[in-house]
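First, one chain by itself: the form predicted alone, in structure tokens.
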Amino acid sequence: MGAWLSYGLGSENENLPAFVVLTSRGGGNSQGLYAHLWSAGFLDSAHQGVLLRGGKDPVLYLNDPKGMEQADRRRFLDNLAELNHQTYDELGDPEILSRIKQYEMAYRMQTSVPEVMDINGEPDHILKMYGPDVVTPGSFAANCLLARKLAEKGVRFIQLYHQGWDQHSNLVDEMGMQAKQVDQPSAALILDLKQRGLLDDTLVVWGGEFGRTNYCQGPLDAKLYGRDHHPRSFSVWMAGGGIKPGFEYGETDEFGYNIVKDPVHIHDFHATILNQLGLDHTKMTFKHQGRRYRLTDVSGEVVKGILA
């Protein structure tokens, strides 16, 4: 979805990618995180997510090699672009143009990324609001603060991954630990956006990697029980971006299993988010292998009941 928004809306900051990814590791079962999760699929690769790591080097190999001056780097990129343009004229492969764009973005990111990743200028009351983990690079709290800074800079789509929700066992200990890591920073992000006047045009979406049953899996006496996968229903919460606040939408049966009221398909969900960002999901298409595709495929309706 981040790649589609990069394609459909572009970026408001030419010195930062339109789609940025931040990852953090929780205390539970650490599911794998792979670059294909934020790839561009069949869209141009210039729209894929850019992973910013916590710590000293947010982007590997972004800095100039030892002994290379900035002017040398500029000449190198100019000559490389000339060679790439010659190859494009010969082969016509659009990915060559995407490669040129990515080299230029990396060059501009050499100054923009260190600036946006630096939280030393944040006042103490803001750091306190996000919680004690905010000073630990790569934590969920630190990433929530960085998400606010990236939103301020005009980054179109910021995705935070927090590993550790795959609790098929030891639910009691691990779920409490995960909640402690994410609850305060998530609330702080919304409050921070709101007090800066950014929440009206910023949509915050919080969701899990899958639905989870509300009944136990595993031996109760060992206190190592967990929850199973639940593909029929799962919950998300949304804040800002023209979404109606303070209410629930949709309902399951008494077992929390089947949806009995106001079902929302993933295509409906995507259509609604695109609508809040000013896009008609039926008109934003990309031609691939002779067919025009869209994020919502051939279905999806805007869920008007959640709009303010």
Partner chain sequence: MLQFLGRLHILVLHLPIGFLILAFLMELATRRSALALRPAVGFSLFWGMVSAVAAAAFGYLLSLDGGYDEELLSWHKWLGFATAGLSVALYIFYKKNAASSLFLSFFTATVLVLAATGHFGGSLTHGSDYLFSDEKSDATAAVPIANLDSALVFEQVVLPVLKAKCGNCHNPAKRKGGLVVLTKEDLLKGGKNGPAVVPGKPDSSLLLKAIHLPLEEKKHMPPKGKPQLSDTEKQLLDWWLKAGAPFDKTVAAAAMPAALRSALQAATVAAAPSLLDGLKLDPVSEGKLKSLRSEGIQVFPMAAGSPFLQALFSGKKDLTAGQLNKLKPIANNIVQINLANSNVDDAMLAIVKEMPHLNRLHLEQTGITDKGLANLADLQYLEYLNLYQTKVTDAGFAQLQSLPKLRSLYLWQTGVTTDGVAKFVSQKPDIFIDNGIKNDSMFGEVALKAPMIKASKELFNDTVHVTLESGFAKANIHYTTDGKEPDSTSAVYKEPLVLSASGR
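Bear in mind that the values here come from a model prediction, so they are computed numbers and not experimental data. Numbering follows the first chain given and starts at 1.
The form predicted together with the partner chain exists for this protein as well; it is not shown, and the discussion that follows is about that form.
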{"property": "Stretch from 130 to 138, 101 to 109, 209 to 217, 165 to 173 whose residues place a heavy atom within 4.5 Å of the partner chain in the predicted bound form", "result": "130 to 138"}
{"property": "Heavy atom of each of L62, D72 and P114 within 4.5 Å of the partner chain in the predicted bound form", "result": "no"}
{"property": "Contact label in the predicted bound form: M177 to the partner chain, heavy atom within 4.5 Å", "result": "no"}
{"property": "Proximity of D297 to the partner chain in the predicted bound form, heavy atoms at 4.5 Å", "result": "no"}
{"property": "4.5 Å heavy atom contact, D200 to the partner chain in the predicted bound form", "result": "yes"}
{"property": "Partner proximity in the predicted bound form: I96 to the partner chain, non-hydrogen atom cutoff 4.5 Å", "result": "no"}
{"property": "Partner-contacting position among V204, A81, L191, L224 - heavy atom within 4.5 Å of the partner chain in the predicted bound form", "result": "L191"}
{"property": "Stretch 279 to 308 - residues with a heavy atom within 4.5 Å of the partner chain in the predicted bound form", "result": "K304, A308"}
